[in-house]
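So this first bit is one chain, no partners, the form predicted on its own, shown in structure tokens.
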Amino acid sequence: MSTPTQTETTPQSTFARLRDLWNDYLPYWFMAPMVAVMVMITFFPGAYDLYLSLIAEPTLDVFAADFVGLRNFETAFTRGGAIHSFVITITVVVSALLLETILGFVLAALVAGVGSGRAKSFYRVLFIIPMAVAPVSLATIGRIMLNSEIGIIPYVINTGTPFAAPNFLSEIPLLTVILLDAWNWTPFMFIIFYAGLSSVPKTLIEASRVDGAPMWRRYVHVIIPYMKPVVFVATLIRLIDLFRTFGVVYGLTGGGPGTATQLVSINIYEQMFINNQITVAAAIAVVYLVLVVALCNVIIAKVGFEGVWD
């Protein structure tokens, strides 16, 4: 009986090791293409933006680029209006988020309390309509409705109240932007909160009702704590989306009058396409990206995992 030689066993053992290696890391092999795509579309734009923020003039030739360190960041924060646009953005984000969260929850609670199923369907459709309007259309509608001469809203205020309607786009532009965004996106919060309210077990509500708890205590001590994950996810998604606001505000006010509504996104656009300061725009974008990512990670780490998921 002959024994297998070394030249006969090596290919088989090599094949077996490759097969074991494939089986051991099978989930990772299947995930590898998606991870590669995500790295390309997530990290490459950020890395290229950082590269642009560190050079004097845009060029694809890295070896010929004139690296200027943090000079573009200094220009952005001294002459580029970065600080002002950050303050405007934070004001809009915080105000709109609070307004949309409160209004969305109140609307969801009111609709959830309606007894008729047909009425519920009507209100759901009615409240969702503003969210379906495209940003450019919304800005155009807003400019027409708020116009001091032909707008329906100033007309109603002037004829139906003892107060004179302000010029919304020149006297209170920031408040106008916040209110218009709230009108546009409160339906999103309404949908999420309505779904959350529908998922609250009726046994919990009935138990609190039997205990004699009034309506407000049922919401404070039973319903809202049960809805923590829903509230957290809805506000986090809306927070991230608010930081990306551009089309509605640019179409409504163009960032003005002056720089009264110049969000960071509008400032970046103007620096890049109007002032042709691409590297300064890249510097503002890098700072903005870092701040938004850091803020979201802090919220997820401190609120998401300690207050919701645990």
Partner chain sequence: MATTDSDSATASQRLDKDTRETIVTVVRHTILLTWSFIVLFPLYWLASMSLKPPGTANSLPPDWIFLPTVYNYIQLIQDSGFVAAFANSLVMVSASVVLVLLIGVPAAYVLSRYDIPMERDVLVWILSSRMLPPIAVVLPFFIIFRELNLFDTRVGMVLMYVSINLSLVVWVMKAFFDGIPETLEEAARVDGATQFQGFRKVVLPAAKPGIFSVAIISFIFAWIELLFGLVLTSFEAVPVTLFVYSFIGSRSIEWGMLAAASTAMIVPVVIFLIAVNKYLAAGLSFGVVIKE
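Positions refer to the first chain, counted from 1. Think of the rigid core as the biggest set of C-alphas that the two forms share within 1.5 Å after superposition. Remember, predicted model here, so these are calculated numbers, not experimental data.
One more form of this protein should be noted, the form predicted together with its partner chain, which is absent from this view; the next part is about it.
The partner is absent here; in the predicted complex, the one residue of 144, 175, 87, 98 having a heavy atom within 4.5 Å of its partner chain is 144. Contact annotation for residue 22: at least one heavy atom lies within 4.5 Å of its partner chain in the predicted complex.
Though the partner is left out of this view, residue 130 does reach within 4.5 Å of its partner chain in the predicted complex, counting heavy atoms only. With a 4.5 Å cutoff on heavy atoms, residue 151 counts as touching its partner chain in the predicted complex. Put simply, residue 37 is close to its partner chain in the predicted complex: some heavy atom of it is within 4.5 Å. You can rule out all but one of 74 to 82, 183 to 191, 160 to 168, 90 to 98: in the predicted complex, only 183 to 191 has residues with a heavy atom within 4.5 Å of its partner chain.
When contacts are defined as a non-hydrogen atom within 4.5 Å, all of 244, 292 and 296 contact its partner chain in the predicted complex. Contact residues in stretch 123 to 137 (any heavy atom within 4.5 Å of its partner chain, taken in the predicted complex) are 123, 124, 125, 126, 127, 128, 129, 130, 131, 132, 133, 134, 135, 136, 137. Superposition of the core reveals a Cα shift of 2 Å or more for residue 26 between the shown form and the other one.
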